[in-house]
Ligand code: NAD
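This document opens with one chain alone, in structure tokens, the form predicted on its own.
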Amino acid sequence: MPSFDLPITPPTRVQGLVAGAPSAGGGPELPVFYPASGEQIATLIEDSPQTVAQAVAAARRAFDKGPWASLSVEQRQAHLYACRQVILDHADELARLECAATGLLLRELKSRHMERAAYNFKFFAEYIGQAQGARYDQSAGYLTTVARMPVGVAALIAPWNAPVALASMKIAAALAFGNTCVVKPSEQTPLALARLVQLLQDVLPDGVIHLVNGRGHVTGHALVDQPEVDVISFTGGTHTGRTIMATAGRHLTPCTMELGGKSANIIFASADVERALDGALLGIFSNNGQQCLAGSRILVQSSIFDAFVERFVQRAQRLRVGDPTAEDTELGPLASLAHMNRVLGFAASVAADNGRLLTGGGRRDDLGNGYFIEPTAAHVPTGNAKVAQEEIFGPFATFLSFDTTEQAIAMANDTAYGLVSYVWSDHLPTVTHVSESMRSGVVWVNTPMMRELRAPFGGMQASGVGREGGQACERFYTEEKTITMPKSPPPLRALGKQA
């Protein structure tokens, strides 16, 4: 039975950072596991509600009294570029820490996740250099300007499936527009993000960024329930998102929520089938299947259904599952034991919905105590099946067959979610009609995942509220302020002067 070595020796204890110093903690010790072996590799010190309040108060002081919000654009850009350089200089270390906590493939973390994290800071540094204001002088004798001011303290809550890549988007955006922030990683995968926040202390003014650790119902709840938090950005599950919004609503705190997905990947007979096959495999098996934008419902036109599914299954069965640090591994472990058992539970539901497993559905016991499962695919007769409606968040594809374009659209929209959709066809009228008919925030045509940071990204329905991206982040992390003044002293009515 294989034994997989750790990609790096992680710190024994992981603590939060408040005002540049290790946090007081105050909560219990939580175990952090290496998904490839199932062994505990670190201990996370949970931050109590009192410690969270201290972090938010420190962020508030830095915003109200520190220099960050009032820096010039050029000064803030210099800090953002320094943050980018920190990530590039420590990319190998951060990737290995991320691998140790998440089980994601090390080569992907190095080549994609850390490069993306660094680019996020570069993007927003460049974006604020092109920021525009507004001036109105239609009213005779008056000048009105509209400025965008930083909101204040941002609570940034990162998911467990790609902590650094996704949290860095939030951090870079919040800082770019002059805010201070308190970052909370997932308690399951805190290693790399904790190290990144520690590194950023060296290139940012005091008090600009803080880190708190712990479980969602303890540390996370305390963070979003702080009245001095001005905005909340969360990426994670839909259930948790609803809970956060309910709590934030008591304080009228604005939120952006990137939540779950059950994305349709529609493959027409008019598609380039080779590219569509490659895209379908990438769409469900990349990131170990653990991504909200996975193309988990694969809808294939009936005339090519059997041949397409047969080839997909053959390719899935050849995927190299194993050590996430090995260069030739294509699918690593799931992030936790509980999540692995949850994903495996979906395989048991297929037969109850009159479907059949096409491949996989079991744990890879030959790979030791790690959280490895077989690449899995199922065929169900209707979109009402559990595996076609609920987010699985693993390497588990669900196939459905359709005949007509309108049937495909109806099947694709038959879900509570609406994050992304995929359309594969070389017939322009089909692509146009389907893209405009999909109830999802993003539609990718003839390509797997491609993120354009200038464009808004986010979901409809149960997939979220608000958007991320250039202008979307500017609107969220700033408040518009209208200032009106006369160009010369106007005549005023002299009230109360008569005896």
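Because the structure is predicted, anything quoted here is derived from the model rather than measured. In this text, residue numbers run from 1 along the sequence as written.
There is another form of this protein, the form predicted in complex with the named molecule, and it is not shown here; the text below is about that form.
In summary, the region of this chain contacting the named molecule in the predicted complex, judged by heavy atoms within 4.5 Å and restricted to 256-264, 103-111, 90-98, 295-303, corresponds to 256-264.
Taking non-hydrogen atoms only, W68 never approaches the named molecule to within 4.5 angstroms in the predicted complex. The named molecule in the predicted complex comes within 4.5 Å of a heavy atom belonging to K184.
Although the partner is absent here, T329 sits far enough away that none of its heavy atoms falls within 4.5 Å of the named molecule in the predicted complex. Though the partner is left out of this view, G214 does reach within 4.5 Å of the named molecule in the predicted complex, counting heavy atoms only.
For the candidate set C83, A174, V208, I157, a heavy atom within 4.5 Å of the named molecule in the predicted complex is found for exactly one residue, namely I157. Checking A165, L200, A378, I244 for any heavy atom within 4.5 Å of the named molecule in the predicted complex turns up a single hit: I244.
Taking the partner from elsewhere, no residue among G38, F372 and F396 has a non-hydrogen atom within 4.5 angstroms of the named molecule in the predicted complex. Contacts of stretch 230-257 with the named molecule in the predicted complex, defined by any heavy atom lying within 4.5 Å, are made by F234, T235, G236, G237, T240, T243, I244, listed in sequence order.
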